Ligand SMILES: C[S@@+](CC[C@H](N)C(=O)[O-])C[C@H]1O[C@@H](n2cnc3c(N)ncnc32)[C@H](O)[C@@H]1O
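Next comes just one chain, in structure tokens: the form predicted alone.
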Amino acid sequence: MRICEMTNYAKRELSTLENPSAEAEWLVALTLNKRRSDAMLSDEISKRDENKIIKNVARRKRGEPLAYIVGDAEFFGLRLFVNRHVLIPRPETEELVECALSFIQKGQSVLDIGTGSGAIAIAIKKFTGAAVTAVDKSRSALKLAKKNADFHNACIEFLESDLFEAVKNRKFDIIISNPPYISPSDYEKLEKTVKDFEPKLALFAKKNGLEFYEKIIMNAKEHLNENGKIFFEVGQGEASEVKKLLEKDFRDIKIKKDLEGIDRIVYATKSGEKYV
């Protein structure tokens, strides 16, 4: 079958989506492992590729995210493998990393809590050369994170750990985390593509979405070196509450908006030491 016929088939099948033409063209191109422009210039495709496209169109029609269908996503210009054991990296998390990069220096130590696909840890390692440790309680997520790190030749220490469990007696210069922050009420309102396909473990948090911020902040000071910094991505409407949680043990608390104008990043410096 010709590529144009398969693309038109995909457009018809995905007609209920917001932008069926773009969805169809991207799905066909990524299934064929081609750039979108190159795929559209192709002519005949094999029966095997035709069947792959039909199968992937059916998955997308059921609401499955494109990144899970093709098996990868881009983050900070890096290709990352993804599957249903990890969240698909978001642009907001790129902004978290960008904020942290302006403070992290080569040779410093960084702890990434809840690494998932390894997106944050790998980006920090590649762009700073810092010594990065990444923890996650999901063994399946860690397996994928290690695969991504190997793909990018990023030397990162990965540990199976419930928050600080595996680093009990260690300190770092930087702690960074994009923890689960969707509250029970907001979880029920999530889009089908997120709620039905992305891992609940990486999304849902009790205490109105603040559960993991409380747990991390409660122990963070003991795991930070002098003048150490902590960086969080937060859910909409949570920044002021996270700031309050930080006020006891941290100073210079800052809230940064994302590109949509939402308070999305909260960061602070460990208090109790002299200013440098």
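Residues carry their position along the shown sequence, with the first being 1. All values derive from a computational prediction rather than experimental measurement.
The same protein has a further form, the form predicted in complex with the ligand, not shown here; the description that follows concerns it.
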Worksheet item: Quick one: is D162 in contact with the ligand in the model of the complex, heavy atoms, 4.5 Å cut-off?
Response: yes
Worksheet item: Quick one: is A202 in contact with the ligand in the model of the complex, heavy atoms, 4.5 Å cut-off?
Response: yes
Practice prompt. Spell out, yes or no, whether the shortest heavy atom distance between K137 and the ligand in the model of the complex is within 4.5 Å.
Written response: yes
Worksheet item: Can F212 be called a contact residue for the ligand in the model of the complex at 4.5 Å between heavy atoms?
Response: yes
Practice prompt. Decide yes or no: are N219, G228 and A268 jointly within 4.5 Å of the ligand in the model of the complex, with each residue judged by its heavy atoms?
Written response: no
Item to complete: Please name which of the stretches 187-195, 150-158, 174-182, 122-130 has residues with heavy atoms lying within 4.5 Å of the ligand in the model of the complex.
Response: 174-182
Worksheet item: Pick from L87, L144, V110, A73: which has a non-hydrogen atom within 4.5 Å of the ligand in the model of the complex?
Response: L87
